[in-house]
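There is one chain below, alone, in structure tokens, taken in the form predicted alone.
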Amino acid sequence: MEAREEAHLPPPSPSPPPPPPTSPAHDALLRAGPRLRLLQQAHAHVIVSGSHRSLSLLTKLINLACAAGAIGYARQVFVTVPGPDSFLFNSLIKSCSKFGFPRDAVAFYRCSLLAGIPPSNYTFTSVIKACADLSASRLGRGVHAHALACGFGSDPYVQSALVTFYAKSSDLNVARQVFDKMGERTVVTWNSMISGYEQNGSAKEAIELFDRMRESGIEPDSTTFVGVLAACAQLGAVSLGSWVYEYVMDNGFDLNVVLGTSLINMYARCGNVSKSREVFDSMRERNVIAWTAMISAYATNGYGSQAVELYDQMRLQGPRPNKITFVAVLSACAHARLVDMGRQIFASMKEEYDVEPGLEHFVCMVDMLGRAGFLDEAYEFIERKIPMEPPPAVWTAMLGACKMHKNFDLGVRVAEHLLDSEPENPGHYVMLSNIYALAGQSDRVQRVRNMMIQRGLKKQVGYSIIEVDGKTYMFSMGDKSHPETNIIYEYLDELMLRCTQAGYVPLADSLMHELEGEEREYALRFHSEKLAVAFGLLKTSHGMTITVVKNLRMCEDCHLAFKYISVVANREIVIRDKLRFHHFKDGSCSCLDFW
């Protein structure tokens, strides 16, 4: 444990001569600590005692002022310092960076250069961290260049800070270049690179790097696991996520709020809500984030009633709900037809908790009302209740409701609002095209397709991921890259034939109507999620649940097909699409076709 803590320490810095241990002014500063009023009194004592020219005392005072959050006071003291030295500048830059004043850290760095103070590895480490916190990509690159010019390009502390900076700046190629050049890497550096990959959507690379970290003999810490669990959640890699849970329990890690919430989210995003609840119940401390994560786990997996029940428990025995909590519970109401409950919760936000509804809450309300068939009320809500120009997300929710309830006239009006607000989003054209097609207006379908072609817009490519024996496999529509493609296709053909014999009829309206006859049926049959499910059924033992992660919303035909497949294959199938989870079992889905 000591080695792990040492990895977080900054590079060593030169120490000033300590003040005499019996100095009353020094003792006053120690008693004051990071408390502003007491610091001001101690400062007065320093002045009265004649110690106001002591660099060590003033440095101590300024650092404590930064720790107290009193950056203005720290600046005032700094300008009174006669001849600030490198230790004072470095201490001040580090304190500003550490205690949340990155702009001041950069300002004092520039001030030190103007004063002719040569920077050290200590200086660069703190300033680069400040640039990362500011998302100041151009400035950070300039500091990097300065560090190289000063001969600190190979300093492990500077390199570690650079990895964090470039990862936070989404420049993963440069971050990895710096990482690979490092001769010595602390756990902090590994964590920065892993979380950088995960936060930029490169979950597979994050997990691969974690495997390499373990091979290198580096002991992971809680921060490592938070990043790895988030990557597992992205990919649906439940086996690795479960290994992390076992490792945490077996090795005496503190299941704190951050780690516990990460586990809740991982299991929820892999479709295992019971394990999420197991983790939640085992946590000794739960804050609003942990409660919200568990409520959201129920909501996205189709357990709306349990989500609302847990929300009620939170109100009685937990922390006050926040904006994110309300999003989770309103979403649960939307997908569980709990319209009256949703109306009450939305009203309570302002009336009971003084929480001002935001865009995400308006979207949830429109979605809830629209899904339940209250299209007129939903449209009126948009016009009268939203105190701003309705953003695209609101119209998207409304458009989905119009398509669900086949109100094509209103759907066209809503779609036109969408095209006005986001003319470059291909998804809106696809939805509008489908609505025109369902309404039998083929001429308008062609017009929408022509608009997409003229603007160079293409429908986003869908893919599905499945984990088998700890390894992830990706499929796209009509994918033939897998070495067992022929076997997979033959098995899927056989599977769909059995489904057809059981009563399944393809829903051709699920496509964008650019295909005809057998060609359309072929495209429907080999959607990425069907290929992934077929592969999973082939490669796993009877009785095992098949879990697939899809990057887009699942089409209606696949949704129908999986009901039949769950019967003919006698398996539970879990599909996580862009919006939520669908648990197919014995011919029905957990969403009750309300999605």
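Everything quoted here is computed from the prediction, not taken from an experiment. Numbers follow the displayed sequence, beginning with 1.
If you look for the form predicted in complex with the DNA, you will not find it shown, but the lines that follow are about it.
The stretch in contact with the DNA in the model of the complex, judged by heavy atoms within 4.5 Å, is 253-261, chosen from 336-344, 389-397, 402-410, 253-261. No residue in the set 382, 425 and 461 has a non-hydrogen atom no more than 4.5 Å from the DNA in the model of the complex.
Although the partner is absent here, residue 487 lies well away from the DNA in the model of the complex, with no heavy atom inside 4.5 Å.
Residue contact check for residue 161: one or more of its heavy atoms lie within 4.5 Å of the DNA in the model of the complex. Remark: residue 293 counts among the residues lining the DNA in the model of the complex, judged by a heavy atom distance of 4.5 Å or less.
Taking the partner from the other structure, the DNA in the model of the complex has no heavy atom within 4.5 Å of any heavy atom of residue 135. None of 306, 195, 472, 234 but one reaches within 4.5 angstroms of the DNA in the model of the complex through a heavy atom, and that residue is 195. The contact with the DNA in the model of the complex, taken as any heavy atom within 4.5 Å, belongs to 226 out of 372, 81, 111, 226.
Along 263-286, a single residue, 265, places a heavy atom within 4.5 Å of the DNA in the model of the complex.
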